[in-house]
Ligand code: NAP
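The chain below stands alone, shown as structure tokens; this is the form predicted on its own.
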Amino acid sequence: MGNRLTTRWDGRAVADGLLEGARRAIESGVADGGRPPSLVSVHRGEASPFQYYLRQQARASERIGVAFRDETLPPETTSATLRARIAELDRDPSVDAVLLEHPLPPEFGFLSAASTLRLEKDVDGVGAASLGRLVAGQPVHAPAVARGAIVLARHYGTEFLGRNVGVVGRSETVGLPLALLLAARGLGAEATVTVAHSRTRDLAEALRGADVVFSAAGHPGLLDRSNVPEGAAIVDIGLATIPDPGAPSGQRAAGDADAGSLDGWARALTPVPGGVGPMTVAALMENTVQAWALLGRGRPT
């Protein structure tokens, strides 16, 4: 192995540019007599790594002029109550975009609950109709995590056409939509995609030859020199918390990549936090502005 320099693909500056574009679109719509777009983020009350995501949603919304509401449901909320609330928000004309936070306990049926939303309001693109449109290559809203990760890689000069790309993770909210976007004809990627997951027997073999690896497994340290091809770029979507006695809370955020092992081995690596996270929030804000436009709420009444 040579003395390869691993580049850090920082998402913050890229996300700032996307947010500025969204802010200008809102400013223009409001100036013409429309009302600002509104986003409701629905989740149960348990602590999770997604609490950080919620805080970032609130900050980005304030920055660009989105009316944001964090709707926390109590831990005892039933699946029927959750679906009923999502249905109410779907009917509410004052709400343009709804995001159902995940993960949820299996008995809640995340896909069923998210599918209650109409296409325009399903701002994370994870309901059954939205996923069907994605399979057909005609998404209304591409899932924010997947789109943000791809936009970040492209910003740093990645060309996907015909390239070998690995996706680690097969969730309906991140891994599968990401694989579909990367492979889709007509959406500008058209990569050759291999999907690995928890049942993959040999991760190194599955990722062999990959130019770019997107990992959304949520297993800290999963990717290292033993399974990542030398010279590949790693887009780390994983998010978990691990003990850190030096941190004020005693914990810190961690991705799937072992940055220490991959430094000097991978050609590029996204940091956690600061890589895909800001891009996800920016893509969500762009989707919210698009929902607002599709529903005609940015026009004078």
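When you see a residue number, it is the position in the sequence shown, counting from 1. It should be emphasised that the depicted structure is a prediction, and the values quoted were computed from it without experimental measurement.
What follows is about the form predicted together with the ligand, which we do not show.
From the list 156-164, 114-122, 69-77, 194-202, the contact stretch for the ligand in the predicted bound form under a 4.5 Å heavy atom rule is 194-202. For the three residues S171, V174 and T280, a heavy atom within 4.5 Å of the ligand turns up in the predicted bound form in every case. Not displayed here, the ligand is kept clear of I86 by more than 4.5 Å at the level of heavy atoms in the predicted bound form.
Taking non-hydrogen atoms only, L239 approaches the ligand to within 4.5 angstroms in the predicted bound form.
Proximity of P229 to the ligand in the predicted bound form falls outside the 4.5 Å heavy atom cutoff. At the 4.5 Å threshold, heavy atoms of L178 stay clear of the ligand in the predicted bound form, well away from it. Checked against the ligand in the predicted bound form, the candidates L99, A210, A216, L134 yield a single residue with a heavy atom inside 4.5 Å, and that residue is A216. Screening L222, V95, A183, L82 for any heavy atom within 4.5 Å of the ligand in the predicted bound form leaves a single hit, L222. Residue V145 is the only member of 131-163 with a non-hydrogen atom no more than 4.5 angstroms from the ligand in the predicted bound form.
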